[in-house]
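Single chain ahead, written as structure tokens, the form predicted alone.
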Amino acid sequence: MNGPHDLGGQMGFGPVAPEKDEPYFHAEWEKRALGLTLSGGALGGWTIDESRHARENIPPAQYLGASYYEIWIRALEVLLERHGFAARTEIDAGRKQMEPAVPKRILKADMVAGVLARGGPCDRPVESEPRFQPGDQVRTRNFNPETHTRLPRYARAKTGVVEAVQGSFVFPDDNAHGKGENPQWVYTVVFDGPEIWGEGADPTLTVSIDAWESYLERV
């Protein structure tokens, strides 16, 4: 979808200004926000792709006015309500008022280190062979779905070159909406600066994205 998360170099937002020696967290509550989000995901009610889509759906004014972990918490509240783990009234009141849905699992304190070490691998086998190989020239599709996609807005309808075949992975556009994992081959595609940013762009710059196979067509 096209939303405030996908600015893609649009003018008016100022330069990227990295913070020197930036800490992992700027406040204690951010640590709790991360913990709550990971614990909520462990309940098994939604996928990482659905959680991303929940963040994308935050209204633009709220999204752009929120910090990184504020966005996480706002999306978590939506997911908890959507999947029956907490009603909106409970979230607002800060206390239990109903019996929640039964979780598939609960992340307990002594499990955290092992769960984080394992991560959440999303590579999956597919039966077909890759349609593209390194060196192939490809063009990305031009679409603007209301649903989730990992194809950046700035890289749609652009021509680039396949640099690598990364393997086969869960297709997020389907997985975010309960349509199954439906894995596809993923490719690193490289674009030059003028192709992405147009006339006047630095010709020495390149932009690389990881693109699922259905995003691409052969040139």
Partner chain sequence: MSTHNHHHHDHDHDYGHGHDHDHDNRYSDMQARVKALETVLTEKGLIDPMAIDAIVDTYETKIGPRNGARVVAKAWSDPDFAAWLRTDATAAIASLGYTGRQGEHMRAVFNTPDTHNLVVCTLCSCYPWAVLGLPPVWYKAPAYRSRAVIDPRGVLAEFGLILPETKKIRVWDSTAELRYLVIPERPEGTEGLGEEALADLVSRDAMIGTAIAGPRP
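This structure is a prediction, so every number in the text was calculated from the model and none was measured. Residue numbers count along the first chain shown, from 1. Each form is matched to the other, and the largest set of C-alpha atoms that superpose within 1.5 Å is called the rigid core.
One more form of this protein, predicted in complex with the partner chain, exists but is not displayed; see below.
Proximity of residue 181 to the partner chain in the model of the complex: non-hydrogen atoms within 4.5 Å are absent; the residue sits far from the partner. Heavy atoms of residue 54 never reach within 4.5 Å of the partner chain in the model of the complex, leaving it off the interface. The shortest heavy atom separation between residue 219 and the partner chain in the model of the complex exceeds 4.5 Å. Proximity of residue 32 to the partner chain in the model of the complex falls within the 4.5 Å heavy atom cutoff. Not one of 126, 139 and 157 is positioned with any heavy atom within 4.5 Å of the partner chain in the model of the complex.
Looking at 109 to 146, the residues that come within 4.5 Å of the partner chain in the model of the complex, counting any heavy atom, are 109, 112, 116, 117, 118, 119, 120, 121, 122, 123. Once the rigid core is used as the reference frame, the Cα position of residue 199 differs between this form and the one not shown by less than 2 Å.
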